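Let's start with one chain on its own, the form predicted alone, as structure tokens.
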């Protein structure tokens, strides 16, 4: 009996030793930076004034939450997140249905074409769309001019059109992820359900709302969770296309944190802003998890 217990302990110890490097890496990369960021958020810490670094409590948070800039970027982030998710879901559904219904000869080609935007780095997509919507050389204005539109419309100097451009750019990059997730869900739905519905006289639209959507609820909620988090953390596309302009009309929460950290060199405020973003993401994640939990209990 003693040998058995001893051997079990040795096996457990071996297992702990094997996973120890991964655990240490997670702590070093994921947990320690968070602790450091939270610590900085309670300090007056300017890189241009390092000698006066001191603890200031909640002052950074009070200044951020009391500023009009925070509420403006929060509104911009909310608008961006909601509209981009709706557009991404629409395009994602279209892409998933297209890939799911493709024939064997064209299936590989269609899936490759649909997934290409997801493989392109965000900053490259940003410069692509900056060129596409250029008011002098952009192809979009050239195409619009053929239909009687303005050939020199300045997309990136007006708040509403600049926001539209960054939303379209982000949706074009991210919809393949949603399409891939929905495709996986579509392939788990038994074809017998559609055949039975067809026998009962249900059309494709009715089958979509009564069979496809209910069976994709779980995947849709997961997609919404990840894409909400992604939309709140959007940076590269906005940085590349508009730089937060015009007049900060496309600046988001993370872009504002970037300005505090790397433009103002204010590590205190930048860390406080990053902590606020983390809290917002955690709150939304908890909300989604509760929704998922209720669905599982039903």
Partner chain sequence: MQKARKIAGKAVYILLLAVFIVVMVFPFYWLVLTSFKDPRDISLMPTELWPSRFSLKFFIYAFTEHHLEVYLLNSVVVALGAMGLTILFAFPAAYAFSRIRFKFKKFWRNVILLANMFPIIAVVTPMFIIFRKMHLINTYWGLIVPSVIITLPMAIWTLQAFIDTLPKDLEEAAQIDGCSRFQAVIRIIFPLAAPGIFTTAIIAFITAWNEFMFALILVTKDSMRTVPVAISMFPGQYTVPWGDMAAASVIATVPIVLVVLIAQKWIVSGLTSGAVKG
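Just so you know, these numbers come straight off a predicted model, no measurement behind them. Numbering follows the first chain given and starts at 1.
FYI, the form predicted together with its partner chain isn't displayed, but the following is about it.
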Close approach of residue 30 to its partner chain in the model of the complex, 4.5 Å, heavy atom
yes
Can you work out whether residue 43 and its partner chain are in contact in the model of the complex, taking contact to mean some heavy atom pair no more than 4.5 Å apart?
no
My question is simply whether residue 80 lines the interface with its partner chain in the model of the complex - judged by any non-hydrogen atom within 4.5 Å.
no
4.5 angstroms heavy atom contact with its partner chain in the model of the complex for residue 272
no
Contact residue in the model of the complex, from 62, 69, 247, 34 (heavy atom within 4.5 Å of its partner chain):
34
Picking from 206-214, 72-80, 131-139, 193-201, which part of the chain touches its partner chain in the model of the complex when contact means heavy atoms within 4.5 Å?
131-139
Within 71-110, the residues having any heavy atom within 4.5 Å of its partner chain in the model of the complex are 95, 98, 101, 102, 103, 106, 108, 110
